[in-house]
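Heads up, the chain below is alone and in the form predicted on its own; it's given as structure tokens.
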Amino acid sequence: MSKRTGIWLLSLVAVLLLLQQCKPDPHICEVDCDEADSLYTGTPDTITRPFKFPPVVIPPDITLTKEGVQLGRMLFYDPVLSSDSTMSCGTCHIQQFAFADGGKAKSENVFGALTKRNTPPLFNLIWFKDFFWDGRTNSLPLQVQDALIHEQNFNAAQAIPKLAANPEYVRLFKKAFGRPGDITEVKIEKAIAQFMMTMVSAESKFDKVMRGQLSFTPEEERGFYNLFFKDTGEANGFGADCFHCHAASNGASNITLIDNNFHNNGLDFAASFTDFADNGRGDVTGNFLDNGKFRTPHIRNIEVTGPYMRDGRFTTLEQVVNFYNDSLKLSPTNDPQLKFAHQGGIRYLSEQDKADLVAFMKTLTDTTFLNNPKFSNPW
């Protein structure tokens, strides 16, 4: 055998030995491969599009499953996600108040400190583009993350081992998110987001009237058609002009009653662009033209979501209507639709006008949603 042949054979043996070492041990399995695939397969879920609502669009990074929704519901109500295991999302977002914080101008975080602004209700969030009064997040998982950190002082290193000790949580995380069946902060946020996506409120008297199933009383009808949905211009019959902010951009063809926009509604006086006590949207965008602007709040279920405005200063709907009639404050970023801000408000609403407007707003209460067991505390 030549020297060259010997070297070649030695090289071949070395390669074969190396390949043998790289061959996976048949007794060593990758993550979770000893468990049946069915343990990691969730049940697809859907959200029904209500009458005259926009299409339902599930974010591409979320797979909606029944197990994911159930998991999110459990996490929403579980105080284990707070740093001292005393506060859940459901502590401040209470179903009977459309998931607002029933009667409180501001809520307390886990340390007992007051939140900066009034706690908003939670429903129809699948049609939102931005979240919180200032719109500082643009997805539901990020909204969940923000609230967990700032209100509950969430600490993943503390909370995840507690969740992993619960067999039902372990099962649902596998079903909702597939392999590997680990529990992570991102999965926690996406699960709670899935639950909140299903919080759809579209069974109020108003919705039933729109579907032709019920009729308004004369007061409710006038409150809607003659006041809420009419401009303040004389040619239009001196309406209350509510719809410019509290309706979708394409009006009666979309009855979500949210415009997904930010406005300065004349709540506080400011002498200049830098004179606002709370810059709101301006602190998010960095644009001084957005100072004093806030996200249009829900008007659906408004009968049960008080107190009202971003700081909860008004306790009744009558006070809110009176504010728009005679107490608007001037500032550089007042919304252009507040045509009469320079004189303090609309001024011409009669007591009957105000009563009819409130009567209409009360038709937006969805008692089916407020009592739906699908959204209740599972614990």
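The first residue of the sequence shown is number 1, and the count goes up from there. Remember, predicted model here, so these are calculated numbers, not experimental data.
Form predicted together with heme C (HEC): not shown, discussed below.
In terms of contact with heme C (HEC) in the predicted complex, the residue from Phe216, Tyr169, Phe132, Phe238 that brings a heavy atom within 4.5 Å is Phe132.
The partner is absent here; in the predicted complex, the one residue of Lys187, Lys175, Arg136, Lys205 having a heavy atom within 4.5 Å of heme C (HEC) is Arg136. Proximity of Val69, Val304 and Asn372 to heme C (HEC) in the predicted complex is absent: no residue of the three has a non-hydrogen atom within 4.5 angstroms. The chain is drawn here without heme C (HEC); in the predicted complex, the stretch among 158-166, 178-186, 81-89, 206-214 whose residues come within 4.5 Å of it by any heavy atom is 81-89.
With a 4.5 Å cutoff on heavy atoms, Pro120 counts as touching heme C (HEC) in the predicted complex. Contact annotation for Gly102: none of its heavy atoms lies within 4.5 Å of heme C (HEC) in the predicted complex. In the predicted complex, heme C (HEC) sits within 4.5 Å of a heavy atom belonging to Ile299. Proximity of Phe97 to heme C (HEC) in the predicted complex falls outside the 4.5 Å heavy atom cutoff. Residues of 88-116 that come within 4.5 Å of heme C (HEC) in the predicted complex, judged by any heavy atom, are Ser88, Cys89, Cys92, His93, Ser107, Glu108, Asn109, Thr115 in sequence order.
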